[in-house]
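Below you'll find only one chain, the form predicted on its own, shown as C-alpha cells.
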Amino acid sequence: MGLPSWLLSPRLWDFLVDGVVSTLIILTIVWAERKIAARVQMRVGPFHVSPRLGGYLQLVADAIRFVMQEVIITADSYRVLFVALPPLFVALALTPSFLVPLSPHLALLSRPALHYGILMGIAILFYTFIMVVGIGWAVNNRFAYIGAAREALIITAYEIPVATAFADMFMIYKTIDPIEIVAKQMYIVGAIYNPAAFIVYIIGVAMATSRFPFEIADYEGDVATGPYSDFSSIFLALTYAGGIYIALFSYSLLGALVFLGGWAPITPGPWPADIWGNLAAAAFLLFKTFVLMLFFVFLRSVMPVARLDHALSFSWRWVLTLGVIATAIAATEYFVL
C-alpha cells in the first residue's frame, strides 16, 4: 500500500524540513558562537551539560530555564505591546524562510507567488526590525529608549545598501524568480559575478542582525541589552536570545540563494519521483546557509563594538559608495551578458 498523497505533498515536506532543520541550525550556531568566542578568549565555553558533546545540550537546558522562569511584565510598560511584539518579531523573522524554495520542486508557495518569494522575504525582514523599535518603546525605560533610537538609526543605514545589493543581482540574472536565479549560478555563483554586491550584503546583514562590530542597539556593556532590557523568561528567549538569530537564518538563506548558488550544482528531478534528490538539494542549500551564519557569529570573537556615529558614517560613506560600484558592475553585466 502506498503512502497517502498528503504525506508526499512538497508543501508539507518543505514546512517540516525548513522548520526542523532551521531549529537545529540555530541551536548549533548559538553553541558554535559560544565555543568559538571561548576558544579565542582561552576559555572552555559551554561544557557541564553534556560534556561528551562539548556542552551542546547546554542550549536545551537554557531553553528549559527560559520557559520555566516567571513571566515579569514591568509596571511602567505598555502591556499589550510588551506581550504581543516579541512573538510577532519571531514570526516575521522566520516567515521569509518559508517564502523561498529549498529545491526546484520543494516549496511551500506555488507559482506565481513563488516568483516573488525573495522580494517578499526582503520586505518582511525590513519590517521585522521595526518591531525592535516598537519593543523598545513598549518597555518604557531609558535604556530601551536609547536602544530603540539606535536601532532606528541603524535601520536607515543598512536598508538601502542591502536592497541595492539584491537589486544588483536581480539585474545581472534578469529575473527575480528564485529557481531561475539558482539555475543561472550553475557554474559561477553570484558572489563571483558581483563581489562588490556580496560585500555590501555581508556588511548590511551584520548591521541588520546586530553582529559585531555593529552590536550597538543592544550592547550589554553599554545599554543593558537596549530594547530588550526589561524582558525575562520566554520573552527574552523570543527576542534577544532567539529572534535575532532567526532573522540571521532568514537573511543567510536568502543570501545563499542569491549569492552562493542555492542548491546548485544539484539538479533533482520532479517531486515525488526524486524525493532523495530534492532533499539532497535542500540539504546543500541549508549547509550554505549554515556556513554564512557561522561567518557572521565568528565576528563576535574578532571584532570590537563600533560607536554609533562611526557605524552610520561608515555605512553612508563607504558601504553606499560600494553599493553604487556594485550597481555599475551589475549594469555592465546586464548589457554584456
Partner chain sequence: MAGQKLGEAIKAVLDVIGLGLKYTIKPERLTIYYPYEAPDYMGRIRGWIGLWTERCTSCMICARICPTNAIKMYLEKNGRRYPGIDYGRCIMCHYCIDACPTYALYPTEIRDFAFYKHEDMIYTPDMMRKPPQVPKLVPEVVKVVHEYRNGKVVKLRVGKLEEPKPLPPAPSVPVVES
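Keep in mind the model is a prediction, meaning the values are calculated, not measured. Residue numbers count along the first chain shown, from 1.
Not on display, but discussed next: the form predicted together with its partner chain.
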Examine residue 276 and determine whether its closest non-hydrogen atom to its partner chain in the model of the complex is within 4.5 angstroms. no
Should residue 298 be classed as touching its partner chain in the model of the complex when contacts are defined as heavy atoms within 4.5 Å? yes
Does its partner chain get within 4.5 angstroms of any non-hydrogen atom of residue 40 in the model of the complex? yes
Even though its partner chain is not shown here, does residue 44 get within 4.5 Å of it in the model of the complex, heavy atoms only? yes
With the partner removed from view, which of 299-307, 284-292, 56-64, 267-275 is the stretch that lies within 4.5 Å of its partner chain in the model of the complex, judged by heavy atom distances? 299-307
